[in-house]
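In structure tokens, the next block holds one chain alone, the form predicted alone.
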Amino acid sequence: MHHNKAVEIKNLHYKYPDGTSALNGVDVVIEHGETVALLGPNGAGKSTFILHLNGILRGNGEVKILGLPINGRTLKEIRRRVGLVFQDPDDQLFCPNVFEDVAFGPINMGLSKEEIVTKVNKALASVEMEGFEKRPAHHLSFGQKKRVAIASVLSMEPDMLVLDEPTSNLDPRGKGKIIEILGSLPVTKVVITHNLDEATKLCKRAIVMDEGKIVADDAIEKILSNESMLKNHGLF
């Protein structure tokens, strides 16, 4: 079905406006349908890297997402097809109620009322949040907000989900729920996580970043059995 890769990145460099170098030559290929854990210490460049996957940041290097080079013409389509879920759901939810938060993307796509309702219902069902449509997000628990934030991206039926620490600040039950939900979604996923156990549950492959570079990229069992590498890069 797809000839193109989900992600093809060659020699990506990125400096922040103050001159701080955040990415120092990153090469990554991710196939459609893969779920990849992105591991590494704070400041390794993981968040900077994922912001390149839907063009929020544009560094130097070759970046192709779902076969499309990121440029002014493709940006809108890439943003629709790559759903970015931030670490803090309050960065994502800003409408008066859950329905409007989840409908925001489909409304911007200019869909009909019926299509919008269908997509919202489907997205809320996939995160087990049906029946919360009229509730304001700020009245929900943190875990429920996280699920609505995921739904607000799923309503656009993306080909790829990019999640920044999807279970941080959740209790064990909340974490388990998010992992179960993500595991059930048949799209390409890139997941930043500090939780190695969670990475193992969700992902078959792991990429380890440190100091703006990829220091390891392999099957997750291989990565996790390499204790000296994990210690060297602050993973435990």
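Everything numeric here is computed off the predicted structure, so don't read it as measured data. Residue numbers here begin at 1 and follow the sequence given.
Not pictured, yet referred to below: the form predicted together with a small molecule.
The small molecule is not shown here, but in the model of the complex it comes within 4.5 Å of a heavy atom of Lys46. Contact annotation for Thr20: at least one heavy atom lies within 4.5 Å of the small molecule in the model of the complex. Put simply, Pro41 is close to the small molecule in the model of the complex: some heavy atom of it is within 4.5 Å. Here the chain stands by itself, but in the model of the complex one stretch of 27 to 35, 46 to 54, 182 to 190, 167 to 175, 46 to 54, has heavy atoms within 4.5 Å of the small molecule.
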